[in-house]
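Form predicted alone, single chain, as structure tokens, below.
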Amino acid sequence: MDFSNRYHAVLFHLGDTPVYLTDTLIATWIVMGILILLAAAVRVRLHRFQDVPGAFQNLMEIAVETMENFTKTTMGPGNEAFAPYFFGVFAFILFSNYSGLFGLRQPTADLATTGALAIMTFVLIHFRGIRKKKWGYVKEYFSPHPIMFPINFVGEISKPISLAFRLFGNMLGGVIIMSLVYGMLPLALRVILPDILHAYFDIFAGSLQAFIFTILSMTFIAEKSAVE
């Protein structure tokens, strides 16, 4: 049974290397399109927000305030500016994980997607650390003794790797199990059992993994930018 990311057509070439339209790319575009439409809808409705909020305004305010409070609690005061970024990251991962409910291959079941998200966290960790601590941040890699530099360096490199593979492995595992279930069951039984498994792998595990990736990214950035 094929669990790989299918290639549909060549989009363009980078030198002699073809770049293909894949299942992951299609699902990513769909998720991005949905998020853009939702953002546009919120932007339009912003002009109609009132002192006495309606249901839609209440929902948006709760979502924004929850993320702001969560960011402040996790990263500490002064880091509220990260809330919009992590709101977007959480929403993208969550919608990507839920896309399996609609027959799409989750973008997060592709290491290229989770790797890109992890690299963004990696860049923010060190950008924030250098900005807060200046040269003191570089000295931390040689603490408590210069001989510890290789260990400290490997420890930093392991953070984005663990973030990427944790999300990728959990979501790919769900894709493989669901593919096996659909391939094993006769057509008449592909209703109840797959729905239960979708509820676990796509909804429960998908929500949990989106939360874990977000909170670990926040924690890594906060601990490196904390001034002692």
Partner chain sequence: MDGRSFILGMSALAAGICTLSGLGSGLGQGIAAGKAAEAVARQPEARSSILSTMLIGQAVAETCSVYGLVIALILLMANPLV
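These numbers were taken from a predicted model, which means no experiment stands behind them. Numbering follows the first chain given and starts at 1.
Keep in mind that the form predicted together with the partner chain is not shown, yet the notes after this line are about it.
A heavy atom within 4.5 Å of the partner chain in the model of the complex is found for exactly one of I30, L197, L172, M60: L172.
If you check the partner chain in the model of the complex, you find a heavy atom from every one of F165, F168 and Q209 within 4.5 Å. Taking the partner from elsewhere, L25 is found to have every heavy atom lying beyond 4.5 Å of the partner chain in the model of the complex. In the model of the complex, L46 stays away from the partner chain, with no heavy atom inside 4.5 Å. In the model of the complex, the partner chain lies farther than 4.5 Å from every heavy atom of M184. The partner chain in the model of the complex comes within 4.5 Å of no heavy atom belonging to V64.
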